[in-house]
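First comes one chain, alone, set out as structure tokens in the form predicted on its own.
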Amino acid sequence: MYKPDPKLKHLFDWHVESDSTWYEQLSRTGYHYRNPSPLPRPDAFRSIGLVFFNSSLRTRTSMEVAAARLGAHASTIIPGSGVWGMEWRDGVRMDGQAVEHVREAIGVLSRYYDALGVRLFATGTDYALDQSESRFKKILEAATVPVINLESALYHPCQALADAATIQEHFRDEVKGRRFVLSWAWHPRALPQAVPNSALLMASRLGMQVTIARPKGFELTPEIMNLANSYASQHGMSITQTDDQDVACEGADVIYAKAWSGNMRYDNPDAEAVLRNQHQNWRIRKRHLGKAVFLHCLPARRGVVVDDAVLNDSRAIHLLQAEFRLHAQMAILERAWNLL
């Protein structure tokens, strides 16, 4: 299991951080929401290199703006697009397309920047590689400055912090015991599980009563479920699962929709696609809302994951949720740079 380096304030995921760190970061995120235009701090001039191996809108722009608001400079780096392609394997003869090893790339960037943010999705083809997070951990090993996880194979801690702060703000901190529904939704592509993993861990750590609605074959991994159950039990709560979306949404306080792939994509991607396409009716409709607020990490495919009538409803607070990405990023950068 990854253990944080006390000398480097990496953010790999919140589950390896203490409760005090988690709640301090939640509090600081709320502070930035209520104080949206702070003056740049004279002691904050630093730089961050944002390395995006995968596409981004909210994560990239919110991190760039967060850095600027703190008086720091951000550079966005996209390997393979104006930047050398990278090799991940150790001990191989690099006579193929990859020009630079990730160890040198991260080592060099660590000498230019005061922090690094890295987005590196799951491969979707190598189960052991993804579950071990070995590629992201290789970056942590090579870096000599704090590294912030901008979404890895299993986790999206920036999204999780923003989600938790959004829920706390909406319910005025009266969160414990509220019903949180994490609902699977159909998608034409097999998507990673990092966001649903993080949403589940976030809600259970807040002490919410969690229900996971998903068709059979789309269960989250036992390791993630075990961790979420441990959080829930600390609050006297439990996590239930069902393959009936309508039943799951009854009486919900929060409905969080997200598409994700079944784990069979690793062994038989064609069979996963066939199974996934049998559930194209799985999307959030207005009848599901009741008294609940609707969340989605975005981008959301209208008419596929969620109906227009939901996103256009006042109970949809997905734009506030997206705004909180900026405030969460500011809190995360403050911690990385010892500005708190």
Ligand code: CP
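Note that the coordinates shown come from a computational prediction; the quantities given were computed from them, not determined experimentally. Start at 1 with the first residue shown and count on from there.
Omitted here: the form predicted in complex with phosphoric acid mono(formamide)ester. The next part is about that form.
Checked against phosphoric acid mono(formamide)ester in the predicted bound form, the residues Cys297, Ile284, Met63, Ile48 give one hit for a heavy atom within 4.5 Å, which is Cys297. Of the candidate stretches 54 to 62, 304 to 312, 284 to 292, 267 to 275, only 54 to 62 has residues whose heavy atoms lie within 4.5 Å of phosphoric acid mono(formamide)ester in the predicted bound form. Of the heavy atoms in His327, none are within 4.5 Å of phosphoric acid mono(formamide)ester in the predicted bound form.
The shortest heavy atom separation between Arg205 and phosphoric acid mono(formamide)ester in the predicted bound form exceeds 4.5 Å.
With a 4.5 Å cutoff on heavy atoms, Arg119 counts as touching phosphoric acid mono(formamide)ester in the predicted bound form. Although the partner is absent here, Gln159 lies within 4.5 Å of phosphoric acid mono(formamide)ester in the predicted bound form, judged by heavy atoms. Using a 4.5 Å cut-off on any heavy atom, none of the residues of 229 to 244 reaches phosphoric acid mono(formamide)ester in the predicted bound form.
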